[in-house]
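Just the one chain here, the form predicted alone, laid out as structure tokens.
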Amino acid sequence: MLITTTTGPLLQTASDLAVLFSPEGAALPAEVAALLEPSDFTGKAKELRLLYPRGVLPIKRLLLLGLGKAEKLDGEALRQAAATAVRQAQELQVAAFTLGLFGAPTLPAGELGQVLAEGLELGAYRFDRYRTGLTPAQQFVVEQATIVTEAANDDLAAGVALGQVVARGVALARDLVNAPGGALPPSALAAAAIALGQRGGLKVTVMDKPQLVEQGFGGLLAVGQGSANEPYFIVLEHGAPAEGQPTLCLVGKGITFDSGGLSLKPADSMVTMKMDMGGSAAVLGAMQVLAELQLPLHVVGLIATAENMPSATAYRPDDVLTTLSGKTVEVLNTDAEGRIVLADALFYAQRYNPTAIIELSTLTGAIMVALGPHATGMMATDQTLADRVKQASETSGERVWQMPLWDEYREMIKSEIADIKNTGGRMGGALTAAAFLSHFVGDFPFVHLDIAGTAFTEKPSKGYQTHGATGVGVRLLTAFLRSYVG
């Protein structure tokens, strides 16, 4: 979509559709107020009122969109409002429309441009790759949105450009997660990383099975051995180490389909398990954003990718695995496979002597029970790093909620026959999973983000979400990375 900015009065700008954002209780312009009764539009959050000025204004259609209480208005509310606006334009089949704010508190121009662009692009997102027989209305695409402001501001246009870059990263993550498991085996995820590297100038290394055997990736190999599709380990690198500059490692779980292995999931629970590589998709999306923005950072993306399938060659409950670190893991449940592949990836991250390790994974059903679809669970070994991620969550609108990572949870995964076991039981399941991961990061600052509840939705709760992948993590990681640039 082409998103432009212009100056002038919104209501005097000729347009097939103008969208006016208004907080609750704000007095509407006189020419708009004359078109409706006072009680017809109050500005409550998500309230919509479509008007036809019929020559009173040089606008064919005027859509009033409520923002809710002014004191609660923030970037997230505007992001959602912009998504609602573009969806209304799609429904009305308007190829180009204008939008502006009336009586709204002023955000910094750069932030305003970014959140509006993100909302517009993500609200317009669709995944129709496998649908046939769509009607012209279903295929209609909004081509242009123009943000109208009273005064010109270069920061606004820069914010729009940034928002579009971020939205492209989110769209990449969504496309990958939405792809069926049969269409995106580990080799295809590796190919997507290679293509990203070629587009963005990233250094990409893909290790295949013989290389994994040679280096000792015992966790990744074990999880992948039940599938006809072999596992891979993917390394993407942006920039190079520099004195006085941070090295940041982003680690993603890449289980392209999770049947549960021999600890087979029930049939209903297996549906949507194409999304079990949501962490890797977030890493790829963030690396794309990083490459487009050319941030002066050294960032390494690490992805352990495999299929977890049942077969005569699958790993078994009671197996003892030797991971890349040399630590041994007793397998109690083959459906707790994500932490096993991540064990190898997290230990590999240590060789970069990172300033921080941020890992994302659709790891546990327990976090879904605890937080539902509205927040990502965060557990950390370093509070300073956790605070930095929390600040990025507030900036990006992708909320996190910190949960404890105490020694007591590490005690719960001690094994009688190996160093640790891959599950501590039902009690505190999200926390014992994080405790498991913490064994493989050494003394490096580490944040674990459990996105099991936020990576995929069948009932979208936000205007810029659609059924399926949310692309969660890309906006958060972008805000986190940009915080090191200043």
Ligand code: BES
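The first residue of the shown sequence is 1; numbering continues from there. For clarity, every value in this text was computed on a predicted model and none was experimentally measured.
Same protein, other form: the form predicted together with the named molecule, not shown, and the subject of what follows.
Of the heavy atoms in P373, none are within 4.5 Å of the named molecule in the predicted complex. Among heavy atoms of M273, some come within 4.5 Å of the named molecule in the predicted complex. Contact annotation for A366: at least one heavy atom lies within 4.5 Å of the named molecule in the predicted complex. The named molecule is not drawn, but in the predicted complex it has a heavy atom within 4.5 Å of N333. Between the options I420, L437, A452, L62, the residue in contact with the named molecule in the predicted complex by a heavy atom within 4.5 angstroms is A452. With the partner removed from view, the residue among E359, E118, D344, E337 that has a non-hydrogen atom within 4.5 Å of the named molecule in the predicted complex turns out to be E337. Of the candidate stretches 152 to 160, 171 to 179, 253 to 261, 187 to 195, only 253 to 261 has residues with heavy atoms within 4.5 Å of the named molecule in the predicted complex. In the predicted complex, not one residue of 6 to 22 has a heavy atom within 4.5 Å of the named molecule.
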